[in-house]
Ligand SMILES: Cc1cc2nc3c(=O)[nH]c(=O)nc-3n(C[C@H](O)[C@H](O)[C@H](O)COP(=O)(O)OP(=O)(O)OC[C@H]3O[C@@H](n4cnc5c(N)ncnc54)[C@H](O)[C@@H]3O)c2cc1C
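The chain below stands alone, shown as structure tokens; this is the form predicted alone.
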Amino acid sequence: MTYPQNGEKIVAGVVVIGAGITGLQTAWHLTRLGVRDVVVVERSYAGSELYGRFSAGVRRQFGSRFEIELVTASLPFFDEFLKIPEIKAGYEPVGYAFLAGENDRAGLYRSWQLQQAMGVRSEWLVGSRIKEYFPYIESAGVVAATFGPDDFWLNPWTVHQWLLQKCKEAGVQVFEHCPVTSIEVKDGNIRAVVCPGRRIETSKVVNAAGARARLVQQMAGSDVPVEPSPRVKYLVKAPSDLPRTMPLITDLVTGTYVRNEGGEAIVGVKPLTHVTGYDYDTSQAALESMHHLAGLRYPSLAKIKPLEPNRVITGLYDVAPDGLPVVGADPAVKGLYLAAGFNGHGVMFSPAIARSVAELVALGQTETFDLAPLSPARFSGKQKEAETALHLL
């Protein structure tokens, strides 16, 4: 990376805050659209907060038309990326599955019907078919399931490093360990981004800071209700009955998700209540609670005692009140753009979103995907159409 001398002033066409997958993709697309002097600043090292760096899934099993369309628009990127011979992306086409009890059956069925109407290949499973597909689960309380055979997994770190290299080749300056301390705004217009020892003059900023996106917006005198939500998952040696070809299975009854990750069982649990902040609970008691819930569905996991994880992974989701991304031009500050609130779906959403944000910044309009329903204005009351569109999803 290139580092200017302390105190040196830099002039940038666009400053992207955040060197995760979304930030780097946005920067890369900006250069492809002819924008010069693109700068990316990152508070730590590039990709430091990539929660899914161990693995990441791409699925179209969603319950809203918008999210299905968003992933569909992202698939061409992955198709091309996976064709690169030298890339070892850890591609695993093992699918996703969802298990539902009585309380979740109707919602899961509506989602499945929508997927069928939109051409998504997913299967509806009831009765004995559930155990036929997943013989290793305890099926008590499970009345229905879905399985998406075209959903897949890959190594997000490989994607990130490839994007980082592409940015370097395109002349993007990436400044690591460069936390933003202030954003200068004059008469409602972006003027500069300030980091320790450097001031970057610019008229355009893309906030791709993930769980810290709200802090960045506030530095510019704006705000957006995107909050950090701490998540924890752990890995143990996978029991012999959990095959390496098993899909990631999300159990809507217990809130657990489990997959065999290269011989290790990766276990996570959705928080029972909405938790925000930057603090993780990785205590033995918290891990034991997660393990208990997973053991209710996987008898072989329940037999692992005492629980001694091979690894505990922590990370932050960036979550908006409606659970959808917040993307587009800030309604209060000219030249400020936001791409955040991905709710743990950053890898699968970011190709379409990053390209569309780059188009919005460089061209003044989007060509890849209509971002209007995701506008930050939906929370300010300044864009009623967006609020209505989201309500209908």
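Given the structure is predicted, the values throughout are model-derived calculations rather than measurements. Position 1 is the first residue in the sequence shown; the rest follow in order.
The next section is about a form of this same protein that is not shown, the form predicted in complex with the ligand.
- Contact with the ligand in the predicted complex, defined as any heavy atom within 4.5 Å, is confined among 164-172, 135-143, 120-128, 310-318 to 310-318.
- Contact between residue 17 and the ligand in the predicted complex is found at the 4.5 Å heavy atom cutoff.
- For residue 191, no non-hydrogen atom is located within 4.5 Å of the ligand in the predicted complex, even though that partner is not displayed.
- Of the heavy atoms in residue 345, some are within 4.5 Å of the ligand in the predicted complex.
- When contacts are judged by a 4.5 Å heavy atom cut-off, residue 209 counts as touching the ligand in the predicted complex.
- Within 4.5 Å of the ligand in the predicted complex, a heavy atom is found for not a single one of 64, 325 and 335.
- Of the residues 294, 220, 99, 180, just one reaches the ligand in the predicted complex with a heavy atom at 4.5 Å or closer; this is 180.
- This chain appears without its partner; in the predicted complex, the one residue of 159, 216, 267, 224 with a heavy atom within 4.5 Å of the ligand is 216.
- Heavy atoms closer than or equal to 4.5 Å to the ligand in the predicted complex belong, across 230-251, to the residues 231, 233, ordered by sequence position.
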